[in-house]
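Next up is one chain by itself, shown in structure tokens, the form predicted alone.
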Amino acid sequence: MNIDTIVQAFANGLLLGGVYGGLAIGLSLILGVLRIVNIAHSVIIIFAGLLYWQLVTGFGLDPLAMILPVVALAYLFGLVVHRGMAQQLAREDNSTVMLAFFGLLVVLESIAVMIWTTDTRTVALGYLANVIELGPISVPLTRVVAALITVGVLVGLHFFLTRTLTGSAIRGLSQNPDVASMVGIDVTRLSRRVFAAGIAFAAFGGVVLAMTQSFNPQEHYRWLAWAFLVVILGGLGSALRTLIAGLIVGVIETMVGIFIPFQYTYLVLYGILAVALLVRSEGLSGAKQRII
């Protein structure tokens, strides 16, 4: 094994990690602020990826211009789901909420299969389907673009949450909804917007996934595990920590792939997920008490 192989794997891991950060931020935001375990997160990722595939490959539209419409549609969908389901479940226990979102997962997966079947899809990205050569490193332009967009979005979200009045209100909501209501924050309205934003970020994760990898409607459980791994490592609600955790997971995946057969790489990552849950023994319930 030579140094070029290691450098190449590290570069691939960083780019892949950027995508993983995009996959996880929506889950992190909804769980960190609203205490909702959105089991349907992964199927929203895949559904958005399929919609992006339809617009870009099916209709021949511009791959960069189609990112915003997919995200905007997901935001509107999130508003509807919050008003029709999540808001109604606000006083229910966690198991009831998780069952409801599992039902949403099944419905969305069934719709996706009916529309697009179970075939594996690859987005034809046209002018983005090039390779960048940097000495011994060779990386697809699509991964570079997807990673840069993700970094920009997550850094922008970080500054929004930490430097704006709305961001302060969201942080107040995450810490104590009752106190937030007492100081004049419309908790219901803000919760709806945060939930919709989390769904929109899940769709954004689906877009960057579709830009960089082949996918199909029935493999979304894999991405749910990856998203939870990133969230557990990075904590809830923090865009920068989510990005860093995504980069760590991406680098681990590619570096481990150098030393062991590819089919065992996922086993290692699932092992890391199990260890993370054991070491952070409070798990998701304890994470609910963290602030963003």
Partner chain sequence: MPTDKSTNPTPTENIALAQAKASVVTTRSIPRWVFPVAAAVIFLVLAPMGAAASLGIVTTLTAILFYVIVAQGWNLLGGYGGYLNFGAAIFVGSGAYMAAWLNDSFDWPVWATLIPGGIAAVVVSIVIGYATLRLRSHYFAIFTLVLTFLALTVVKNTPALGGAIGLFVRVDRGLDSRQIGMLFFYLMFGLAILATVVAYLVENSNFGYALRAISEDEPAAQVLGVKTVSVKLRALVLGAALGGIAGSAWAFWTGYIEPTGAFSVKIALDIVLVCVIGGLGSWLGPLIGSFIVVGLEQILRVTLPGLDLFGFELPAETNRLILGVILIVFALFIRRGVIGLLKKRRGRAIAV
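Residue numbers count along the first chain shown, from 1. A quick note: this is a predicted structure, and the numbers were derived from the prediction, not measured.
Below, we refer to the form predicted in complex with its partner chain, which is not included among the displayed structures.
The chain is drawn here without its partner chain; in the model of the complex, the stretch among 122 to 130, 85 to 93, 138 to 146, 196 to 204 whose residues come within 4.5 Å of it by any heavy atom is 85 to 93. When its partner chain is considered in the model of the complex, only one residue from L157, V71, L79, M98 comes within 4.5 Å through any heavy atom, namely M98. No residue of the trio W53, P63 and V251 has any heavy atom within 4.5 Å of its partner chain in the model of the complex.
Remark: S110 counts among the residues lining its partner chain in the model of the complex, judged by a heavy atom distance of 4.5 Å or less.
Put simply, L134 is far from its partner chain in the model of the complex: not one heavy atom of it is within 4.5 Å. Under a 4.5 angstroms non-hydrogen atom cutoff, its partner chain in the model of the complex lacks V153 among its neighbouring residues. Its partner chain in the model of the complex is not approached by L247, whose heavy atoms all lie more than 4.5 angstroms from it.
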